[in-house]
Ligand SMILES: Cc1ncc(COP(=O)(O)O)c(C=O)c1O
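Have a look below at one chain only, the form predicted on its own, in structure tokens format.
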């Protein structure tokens, strides 16, 4: 990713139904979404101009807003078209590394906990954002540590929403991990069971089986569901269950899944070591073929 600040880029952002120059996409400092986290978003990737599982992402954005008690002023069809137009308008139709960030928030009409009279805004930004790691780097695996924060109980947060406020503890956990020399953090849930990384789901392998936590306290990622399907197609049994931290040493491979991270193997979680190998490589390659069918067919 470029070191250029996000607010200093060139290009166009779709903002409430119109395209505005990148630097002109602004909002007021008393926006409700900034003060009270009444904001939802999506992270999507486009491969050669085609957004992977676009409608699933769009429908999740709409549903996330409903969890936060507001309706988007645009239909799924309109949002899909806006994403496609934003990719084209920014000259990224042929890019194999485009990231799309649709998001919605309550505006600045009133400032207080209630926000029923605040206008709902929607914007879509796209930019060139390659995969975090090359294939060689991926198969080395990243280093993780246990997070000091836990995912809250589902009766305390709207855990099925991709809501901005739910990422505060993710940011804190990520910062703490990086300060201690790690790339990522593993978060437990309120029961002390394995949940997810700060912005990605997690899978473990042993004996021809993939084990992954039940998504009952965190977001059931679209990439997570894609990997489950791909694993089954490639002869792996997938077990969704409750995983205790003390079980981690029982597994031989581990990887993360997410739109931004795609498939990222893990080499260690604190003292527990993993050896990214056949299964990690299988899933990395299967996912690459799934999201880049045109490229895979040409090779």
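Positions refer to the first chain, counted from 1. Computed from a predicted model, the values in this text were never measured in an experiment.
The form predicted in complex with this ligand exists for this protein as well; it is not shown, and the discussion that follows is about that form.
Remark: all three candidate residues (198, 222 and 258) come within 4.5 Å of this ligand in the predicted bound form, counting heavy atoms only. The closest heavy atom approach of residue 167 to this ligand in the predicted bound form falls within 4.5 Å. Heavy atoms of residue 162 reach within 4.5 Å of this ligand in the predicted bound form, making it an interface residue. Taking non-hydrogen atoms only, residue 60 approaches this ligand to within 4.5 angstroms in the predicted bound form. Annotated contact segment (heavy atom within 4.5 Å of this ligand in the predicted bound form): 214-222, selected among 123-131, 176-184, 86-94, 214-222.
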